[in-house]
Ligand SMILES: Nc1nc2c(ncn2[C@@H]2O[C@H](COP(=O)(O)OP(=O)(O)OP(=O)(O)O)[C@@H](O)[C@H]2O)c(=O)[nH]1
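To begin, one chain is listed below as structure tokens, in the form predicted on its own.
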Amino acid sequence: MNIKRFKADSIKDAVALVKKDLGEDAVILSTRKVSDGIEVLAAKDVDINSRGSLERSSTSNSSINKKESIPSIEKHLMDMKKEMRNMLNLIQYSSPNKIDSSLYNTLVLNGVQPANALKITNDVAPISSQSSIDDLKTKLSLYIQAAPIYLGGDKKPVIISFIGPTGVGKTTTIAKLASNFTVYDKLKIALITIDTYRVAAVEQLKTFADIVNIPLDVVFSPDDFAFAIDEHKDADVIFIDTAGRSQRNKKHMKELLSFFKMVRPDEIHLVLSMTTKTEDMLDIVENFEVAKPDKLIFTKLDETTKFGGILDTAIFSDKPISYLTTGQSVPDDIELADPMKIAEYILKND
């Protein structure tokens, strides 16, 4: 397998360089932004029966200069480990037949991790060469579960909580959903916030609640939380806003769980921003699992051009996606998660 790095001003230019140097059958292992543009790591051959030697590009930083500093050596070793993981993933998921490099590259360029891209490409191989793009979307959509907030039962009020890191848009998402449920579904909504860390977040929710005439309670302790829930027992839906938590701050996670031990929400939605790197999204999902979220919400789709992180996170978490948000406008910029539409995003090849 011949692996090389390519640098260019844009993804399109980088792909052109890859095709020119390695040919149409080359596959892209990873892409990343660098200070002077885009860096692409590509391989010439992923046929696991091949016995060709592993060559590295003379333009890559493959040799370690003796004058390098210790941090540079450590970074080099980390890059090598990452490339080795990519290679192992290729070997693990590749079949003896060559994959459809066009589909594979489209997935990777749109942010899908190489292992998932290879698995999916192999899964759709029987249809990809002769089928329409709609067939591919249908196949890809099977990897994505979707489920909005469930209001079909007899229980009232339905208690819905939103959790996630700081800055992902939990409060704005609640405002959008509360507006839609109030205006279009004619439901009686109540809001409770346990986000007492950020005055701005409380003020934002209070302003919104006043505009649409929805009651809002600010809660400071788990005991007050149970009392506030009881105060709104005549509501159809109670939305719970929580403080942004670092997935690695055990103290904050413990505080969050203390509220949920007092009253367990009917649904907990983990909110993730599309401006977050996929690796970090997976780390967030893993560490927030202690709160047992039921569904995922992806925000800020309007602030990215790569949507592969949705697919990687959906596969990793095995949880349904409930909503997507596409801007700051309340109540308009939110939509039900649609596996086919998500697949369309991911298969874009701009």
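Since we're looking at a predicted model, the values are computed, not measured. Note that residue numbering begins at 1 and tracks the sequence as displayed.
This next part talks about the form predicted together with the named molecule, which is not shown.
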Report whether all of Thr166, Gly169 and Thr299 sit within 4.5 Å of the named molecule in the predicted complex, measuring from non-hydrogen atoms.
yes
Okay, which stretch from 250-258, 211-219, 158-166, 102-110 lines the named molecule in the predicted complex, with non-hydrogen atoms inside 4.5 Å?
158-166
Option touching the named molecule, based on a heavy atom within 4.5 Å in the predicted complex, out of Thr278, Gln204, Ser141, Asn122:
Gln204
Hey, in the predicted complex, is Ser322 touching the named molecule, heavy atoms inside 4.5 Å?
no
Wondering, does Lys176 line up within 4.5 Å of the named molecule in the predicted complex on heavy atoms?
yes
Non-hydrogen atom contact Glu303 with the named molecule in the predicted complex at 4.5 angstroms
yes
Gly244: heavy atom within 4.5 Å of the named molecule in the predicted complex?
yes
Going through 317-345, which residues have a heavy atom within 4.5 Å of the named molecule in the predicted complex? Please give them in sequence order.
Thr325, Thr326, Gly327, Gln328
